[in-house]
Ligand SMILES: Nc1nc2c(c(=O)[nH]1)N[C@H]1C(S)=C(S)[C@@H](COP(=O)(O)OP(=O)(O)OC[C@H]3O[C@@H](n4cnc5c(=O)[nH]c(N)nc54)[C@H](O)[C@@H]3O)O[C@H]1N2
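Given as structure tokens, the chain that follows is alone and in the form predicted on its own.
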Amino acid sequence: MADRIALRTCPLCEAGCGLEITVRESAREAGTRDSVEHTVVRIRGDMNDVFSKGYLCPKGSTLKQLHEDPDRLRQPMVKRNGTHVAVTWDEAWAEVDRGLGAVIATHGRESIGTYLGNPGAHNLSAMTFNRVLLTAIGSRQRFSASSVDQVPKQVSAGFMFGTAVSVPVPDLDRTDLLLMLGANPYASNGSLATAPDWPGRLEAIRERGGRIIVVDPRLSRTAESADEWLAIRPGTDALLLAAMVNAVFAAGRASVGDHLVEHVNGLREVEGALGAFTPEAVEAAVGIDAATIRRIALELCDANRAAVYGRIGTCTVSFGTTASWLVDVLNTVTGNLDVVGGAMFPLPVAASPTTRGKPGIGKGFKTGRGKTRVRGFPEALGEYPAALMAEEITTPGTGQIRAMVVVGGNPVLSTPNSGQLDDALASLDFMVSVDIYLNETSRHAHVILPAPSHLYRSHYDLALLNFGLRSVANYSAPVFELPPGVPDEWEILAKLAAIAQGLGADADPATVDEVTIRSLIESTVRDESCVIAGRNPDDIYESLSGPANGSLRGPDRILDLFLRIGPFGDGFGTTPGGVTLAELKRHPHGMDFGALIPRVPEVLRTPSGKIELAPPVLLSDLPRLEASLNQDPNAVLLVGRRHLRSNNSWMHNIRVLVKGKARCTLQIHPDDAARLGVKDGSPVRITSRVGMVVAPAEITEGIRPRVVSLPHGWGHDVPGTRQGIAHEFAGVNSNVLTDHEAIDPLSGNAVLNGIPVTLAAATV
């Protein structure tokens, strides 16, 4: 048989790069299609992809190794006598029904906790059916990777602009000055700012005469390539941003621009609230002199086109939400919000919270609709802080978590005080994991349900394109047909939902699918602002599901609905020629609907219909921020880091990505190494309030004195796992050191950076 080419979008990070996959199909023996052997021959960048234009990082080409990984689970696993054994799907479903049913019957639905992992954001099945599962379980005990990552930015954007996806992104392709805080896109591409080839886009800024300034405690790969590196003291980004805003007001330069004058509330309130945060007041705490702070603030005013962008380093700190808010305050008062080349609001092709509902006004955003049982910590984005899972499992009383459902996550490595959570998971009455690996978390599961390989699934970045730097749409059909008897991932999630609802182990996921699409259609036609408002739901259903549309089911059918009611959609005939899933399939390299455009006021969903520059809940955190000026300047602080060939913990079982020079090292400044008496490569004991690890020293000038760095997502030396390569390159788990009690109070986000530690030379 001849080779064929399959095109798809890489699902391994937020960049959304197009892949060209060469597939060889050969017959094992004469017979049916089931006897055809499929082999991935090569993966390279799709030169014709409308967004990535051939760019590809090292991770994308390893989908072949991930697909073929012998450690990747292909059958369900059930724990029997302490050991996981492979079973049939029927056996696994019966065990799930028995285990979940027993816990619900004995302790009620609030005793079921859920954790959704990071890979779900890159997964069409998860984006369309995770909510169905959560609703079916019926518990408020929801946790996810969001609260160890980006939730502060979504909370601040929600209060300012009206929804949790109303996040302005830097218009990289047209800006002249970019100020980046806590971001290293040379290693991780963009985040909450979706675009392929961030390195190329950054280099293009400088090629056209622009400048890039990077604020980071480490001389990251991105900082090395910038025009200026500001080595900030970890966790003080909010102080720096507050001082920059203060400097803009003090110079009489604050201006939101003529385009926003009628659409902004709170300008004078912000000026008054930040009066104490002068550059001179913060310079000692942040480690950057007042003259530099003032100069850069005014450069943002003077530049023809400028943007401020803050990412994970500004979110995973004690003032994550406040820093996220001040990024957009600074963009606003320098006249760089909602203008070409500044910070702009994406316009996703599929319907989203910023395109649905009445343009320019909405219900706004709230947190605190519930509180954790033990500590009374408020909810944000419908979930509780992941840092508090362990105490909710181990603290007795009504509502104690007795069972967990974990979907695509490894919180034992990725959430604070990992040892505490590891012990807590071991105490559960029942646990089920949807995961492709037997890893540090799923080893606690009584049942593991393996999702099929990425190459068996369709793909569309339904979540990530809400933050796209262009309005693009790329749909990927499955590269291979599912093997006989193997459920698609959405079917696994739908069946889990049915079992949680009490429909039994024989429940048909197709029934859940039908209820889901009918419910979505009904809510859509009731929306007076929607293009199909008032239409007959049965007509919409037939248009989506009938033979004329390929009898769509599952995530593809839901995606088709969202595309067709989106800003570029066909509106089910209302806009002839508009986008549909069928039209996307006719454009396998994607469709590009253009660069970012100004969207205020229609993008706003606040009750006032205006940008709320000074939400009271955000102003209320400023006294705490001012008090932080008195923190010990001599404390040693731990920060994390990422690597281009690493995607959290779940890509560490691919040899081509982890081989070579050890990357799980403690980066330390030469002055600190000399003080400790350690040499390059020698072991260092790192101790925090909650834990201790030993890691080899990597002595480098590229980090501030009294700051050390360990990468996130390692520590694969735990017994009971089945990831041979990851175990070989185990490293140490930095989250043994992070403190579960250190939480951003406005969002519930974990503090993974700026952790106080003590260091000592260790003996081998």
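In this text the structure is predicted, and so the values were computed from the model without any measurement. Throughout, we count residues from 1 along the sequence that is shown.
Form predicted in complex with the named molecule: not shown, discussed below.
Taking N466, Q400, N118, T163 one by one, only a single residue has any non-hydrogen atom within 4.5 Å of the named molecule in the model of the complex, and it is N118. Residue in contact with the named molecule in the model of the complex (any heavy atom within 4.5 Å), chosen from V286, A193, V308, A183: A183. Contact check at 4.5 Å (heavy atoms) against the named molecule in the model of the complex: none of G158, V248 and V261 pass. From the list 434-442, 521-529, 391-399, 470-478, the contact stretch for the named molecule in the model of the complex under a 4.5 Å heavy atom rule is 434-442. Using a 4.5 angstroms limit between non-hydrogen atoms, T355 is distant from the named molecule in the model of the complex. Interface residue remark: M77 is not counted as part of the site for the named molecule in the model of the complex, having no heavy atom within 4.5 Å.
Although the partner is absent here, L644 lies within 4.5 Å of the named molecule in the model of the complex, judged by heavy atoms.
Taking the partner from the other structure, the named molecule in the model of the complex has no heavy atom within 4.5 Å of any heavy atom of S747. Taking the named molecule as positioned in the model of the complex, the residues of 308-335 that bring a heavy atom within 4.5 Å of it are, in sequence order, R311, I312, G313, V317.
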